[in-house]
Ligand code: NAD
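Encoded as structure tokens, the following chain is the form predicted on its own, with no partner shown.
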């Protein structure tokens, strides 16, 4: 069995995480194999109340004994001071989770149909002040009216994320097209280096096409012709913004999953936030986290050549998409009136009706 850390997070986090774990338990029953052992860990506001830090060292140490993590959303907008770091940023940096993979796919109620692409976002550098210095934020105030913000781009991280993008584009269900998004006409050195490394990785994949766009123009093209794209690779902040824009094309962040991937560790983490305005109401959409967990199971299965984990991933993916495409059970963000639990129960029902091949 794989050891997976579980951090329920803030806001709606405990609701959607517990619901997702129930789905996985039933999935294991369906395939007749125990895949996961869960390790409950604390991070976020509950951890701060108990340990005086939003990311206690105890949590970091225990995570090193795990194969991966299920991470609930965090209310980072409430974190202030040195004892309240962003746990997500800490984990991405500590475990070198250099690629943030965010699939985008249409559902019947989407504003745009035939959308099926994935954004691969560099995950550890860029403009993010909480992760691009070794031991301090990268924003400075030389005087009370001036802020200087640094941007970090390295050759190694750029190459790593480009390799993930081309690997995904090379999968049999994709269009074999990689689009690099940058601003090398202005940020000539940083974005220039990123684009250079993407072109170098392209040399290993002669059968895959590569095009590149400036970020401002691409933000418009993504709205005009979202069905054209396949795998989009970009730097940290550009990827963060584009993935939220892309989620809006297909139904919102409630169905936008993500996987933070490194060489030896991966984190299932929905792209959305902690939604404090609906916390405790039982109406949060669990689909984004469920799809993120499905991606984690798939990553584990491929990494360890594990047929059970791959089978579980395939069944879970099929069940979620059948509910999205065929069922009237939907949370309010998708125009329905169902609860978090009802959506998960519907996914479980479909799981038990799908065939098992192992």
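Please read these numbers as outputs of a predicted model, since none were measured by experiment. Positions refer to the first chain, counted from 1.
There is also a form predicted in complex with the ligand; it is not shown, and the following applies to it.
Of the candidate stretches 112-120, 269-277, 170-178, 150-158, only 269-277 has residues with heavy atoms within 4.5 Å of the ligand in the predicted bound form.
Think of it this way: in the predicted bound form, the ligand has a heavy atom of just one of 138, 75, 163, 94 within 4.5 Å, and the residue is 75. For the options 317, 333, 67, 306, the residue carrying a heavy atom within 4.5 angstroms of the ligand in the predicted bound form is 333. Put simply, residue 253 is close to the ligand in the predicted bound form: some heavy atom of it is within 4.5 Å. The ligand is not drawn, but in the predicted bound form it has no heavy atom within 4.5 Å of residue 343. In the predicted bound form, the ligand lies farther than 4.5 Å from every heavy atom of residue 233. Although the partner is absent here, residue 104 sits far enough away that none of its heavy atoms falls within 4.5 Å of the ligand in the predicted bound form. In the predicted bound form, the residues of 280-295 lying within 4.5 Å of the ligand by at least one heavy atom are, in order, 284, 285.
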